[in-house]
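We begin with a single chain expressed as structure tokens, specifically the form predicted alone.
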């Protein structure tokens, strides 16, 4: 059986948690609930978590699929170096971010989900995983083969290569013999 990549699950969990925290914060601010300042904090925290978690990490197998538009976020996350690559830092950062969300009902779900993501990141860090950026690959162009440069001139079905007509100036040399006898009965 394969090895579980905990960071991949933590990334998905944290991204969903950031969106839930953001949504709960918007509801709390729009409703002007008691303690709406915690909801305003949840909006900012949700945006921060989403920006941090949007770029996926490269998988150890190398079969990584990046998210649409991930490259610009990858550059930003990569710029912070060990602060964003180390999953211990992410685990404790998410744990600290989720605490104020527990003081308001509209942000509790995002807080709990972010706490779970923090625990999953802690497991990933203990297992020795770290964030590795998915960088765009440079396409290596193969030299164009001779058959592609010169496409076939006649439509299918074509006779086998050894029986094709050779282009010569001489009409007799250009003809070929049909190996199948054609007779009228």
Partner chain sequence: MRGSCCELVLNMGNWIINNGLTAFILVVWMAINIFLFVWFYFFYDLGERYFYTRHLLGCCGRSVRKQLDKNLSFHKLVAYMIALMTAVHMIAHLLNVEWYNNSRQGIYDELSTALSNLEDGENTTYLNPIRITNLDPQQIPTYFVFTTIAGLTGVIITLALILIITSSMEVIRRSYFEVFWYTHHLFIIFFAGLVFHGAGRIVRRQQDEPPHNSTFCKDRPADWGRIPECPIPQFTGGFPQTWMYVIGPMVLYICERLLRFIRYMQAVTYRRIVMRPSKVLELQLVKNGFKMEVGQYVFLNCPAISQLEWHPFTMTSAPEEDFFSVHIRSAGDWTDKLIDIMQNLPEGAQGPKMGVDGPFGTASEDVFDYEVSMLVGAGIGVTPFASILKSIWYKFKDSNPKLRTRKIYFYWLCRETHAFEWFADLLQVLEKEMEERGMGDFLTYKLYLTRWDQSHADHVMVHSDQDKDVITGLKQKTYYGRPAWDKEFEQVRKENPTSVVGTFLCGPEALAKVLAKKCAKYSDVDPRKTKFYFNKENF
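Remember, predicted model here, so these are calculated numbers, not experimental data. Positions refer to the first chain, counted from 1.
If you look for the form predicted in complex with the partner chain, you will not find it shown, but the lines that follow are about it.
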item	value
Exercise: residue 134 in contact with the partner chain in the predicted complex, heavy atom 4.5 Å	no
Interface membership of residue 71, the partner chain in the predicted complex, 4.5 Å heavy atom rule	no
Contact label in the predicted complex: residue 48 to the partner chain, heavy atom within 4.5 Å	no
Contact of residue 40 with the partner chain in the predicted complex (heavy atom, 4.5 Å)	no
Output flag, 19, 44 and 118 jointly within 4.5 Å of the partner chain in the predicted complex, heavy atom basis	no
Residues of 8 to 22 having any heavy atom within 4.5 Å of the partner chain in the predicted complex, listed in sequence order	8, 9, 12, 13, 16, 20
